[in-house]
Every structure is written in C-alpha cells, then in structure tokens.
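A single chain comes next, written as structure tokens; it is the form predicted alone.
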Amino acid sequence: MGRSHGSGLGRLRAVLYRVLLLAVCGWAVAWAASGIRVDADRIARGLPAIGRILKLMFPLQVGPESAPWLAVAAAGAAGVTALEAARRRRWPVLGTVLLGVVVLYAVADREWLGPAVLATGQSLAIALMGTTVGALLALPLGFWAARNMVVYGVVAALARQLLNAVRTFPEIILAVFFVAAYGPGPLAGVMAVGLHSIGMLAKLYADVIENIDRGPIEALTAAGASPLETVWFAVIPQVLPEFIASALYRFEINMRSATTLGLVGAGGVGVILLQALSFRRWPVVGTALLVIVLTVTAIDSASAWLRRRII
C-alpha cells in the first residue's frame, strides 16, 4: 500500500513538473514576442515588399527564343533529381547541381557571376584554413578539458570555462577585432574562424575523450606503458574518427560564416554582398547568394559522404 502511494506521489510530482515547465516556456515565448513586438498585420504588410525585392534579385536573363530550351533543361534536371533521390534515397547531389546551373543561367547577372565565384572561392579558402588551424590547436585543449585525462577536476573545469569564453564571441565580432588589428582582408577572416573553431572543437573533443573505453588504457598502464604511450596507442585510435567527423562538420559551419565575414572587411564573397547591398544592386545580391547556396550545398554533400565513410 505504501509503495503504491509513493509511486502515485511520484507520478503526480512528474506531472506537476511538466506543467510548470510548459508554463515557464510559454511565459518565456510570450515575453520574447512582446519584447520584439510581433505584429501579424505588420508582417502581412511587409510580404509584398519581400516579393518585389526577390523579383529584383532574380530577374530573368534570357530572351523568349531561349525559353523553350531552358524549360527542357529544367525538366531534365528535375528528372535527374527525382531519379537520383529515388535510387540513392539520399540528397540528390547531381540533380541539385544541374538545377543550380539552370537557375544560374536563367537569372544570374552575367557581369558579376565570375567575380562572385572567385570571391566565394576566397570564402572557401578562409573556411578551410580556419578549420584546419582550429582543429589542430583544439587537440591539446580537448585533452586538457577532458575530466578523465587530468589528475585534478578543477583543471578540466578551468579549461571548459576558457572554451566557453572563446565560444561566447560570434565570428563576426572576432572578425571586427582582427580587422581593426591587422587591417581588412582574408587574414582577419581566417583568424576569426580559427579562434571560434578552437572553442567549439575543443569542447566536442573533450566530450568524445570522456566517453572512451577505459579497458585499453588500463591494460597498457598495467603493462608499464608511459602516459604518452597510453594516449597514443589507447586513446587516439578511439577518438580520431570522431575528431575528423567533428572537424568536417565544423568546416560546413565555417563555410557559412565565412560568406558573411566580408561584411566587416574580412574578405570573401561578403565584400561583394556589402557593396551590392549598400547601393541596392539586387541582381548582384541574388547572383552572389545563388553561388553561395550552390557552394554550401556541394560542401555539405561532400562532408556528409566523408563522415559516413569515417564513422
């Protein structure tokens, strides 16, 4: 009788906790909505303006004589996309690329397509260099922040607080700081992306290290291996695939960030976006955004394929 009474109180307490949690979440959402003054009528009035801007960003760049051929190419690309999705049951990479090429041919500003591609390539270089630097420098910090790799827990706690502090600043704020220190250019972007990547990757590395199997470590320690040998032969083989997968995922994020760092002078395609937005040159903005979308899609697909092979 006492046991059933106790379980009934436990269920009642769980229900009360859920109700309280829902009430707190509802209050938080209502507070946020009131703070930013969400107005449905104002949102509805702004929709036509968004439509006009999109029409200016993506004007049709082909004449009536090319329209039939363009429709045939679009239908073919859509067919390849559907066939690829049905057979592979994954994101249709080839079909997406073909559709992207058709869209670029139809609406891209031909004068700015080449510069947008080159600037996106610079953003890609910024993301690649920043991720590489961040992934390498995050290795020692990840071991420092792992509680099962240090003697005193306070040392790992201090390392985690340091990583939290590094992650607090967004890449664009770090880019402003490095632009002020080193001048405008891609170097500032690399340093901003790299520093932020250190904070994120070291945190992920530490979590991976803390979840390793202790058996190989204990076996090597019992055999008289040194701490360095234990780490090299018992820890690194377990964590290396996860480390590489985390770095690849971070590269995807950094590519998205690198496309906007040019807005503060840190190089990349953001420079073109800043200039075009300043003068309201919407076709140039649309062309740059299309190139960014296609590049990010290709990188996401390649990164996902590599992660599937690694893990």
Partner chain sequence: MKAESRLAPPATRRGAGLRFLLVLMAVAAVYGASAAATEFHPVVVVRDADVFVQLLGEMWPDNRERWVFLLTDFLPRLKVPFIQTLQIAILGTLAGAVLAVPFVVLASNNLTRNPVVYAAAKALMNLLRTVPELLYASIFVAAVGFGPFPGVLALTVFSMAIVAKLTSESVEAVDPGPLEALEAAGATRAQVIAYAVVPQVLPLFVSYVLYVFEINVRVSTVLGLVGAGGIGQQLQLMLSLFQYENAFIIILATFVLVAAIDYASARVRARLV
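What you are looking at is a predicted structure, and each value in this text was computed from that prediction instead of being measured. Residue numbers count along the first chain shown, from 1.
If you look for the form predicted together with the partner chain, you will not find it shown, but the lines that follow are about it.
Heavy atoms within 4.5 Å of the partner chain in the predicted complex map, among the stretches 231 to 239, 67 to 75, 185 to 193, 145 to 153, onto 185 to 193 alone. Residue contact check for S226: none of its heavy atoms lie within 4.5 Å of the partner chain in the predicted complex. Although the partner is absent here, L56 is not a contact residue: none of its heavy atoms lies within 4.5 angstroms of the partner chain in the predicted complex. Among residues of the shown chain, T132 is one whose heavy atoms approach the partner chain to within 4.5 Å in the predicted complex.
A residue is said to contact a partner when one of its heavy atoms sits within 4.5 Å of a partner heavy atom; F178 meets this definition for the partner chain in the predicted complex. Looking at 253 to 280, the residues that come within 4.5 Å of the partner chain in the predicted complex, counting any heavy atom, are R256, T259, T260, L263, L273, L277, R280.
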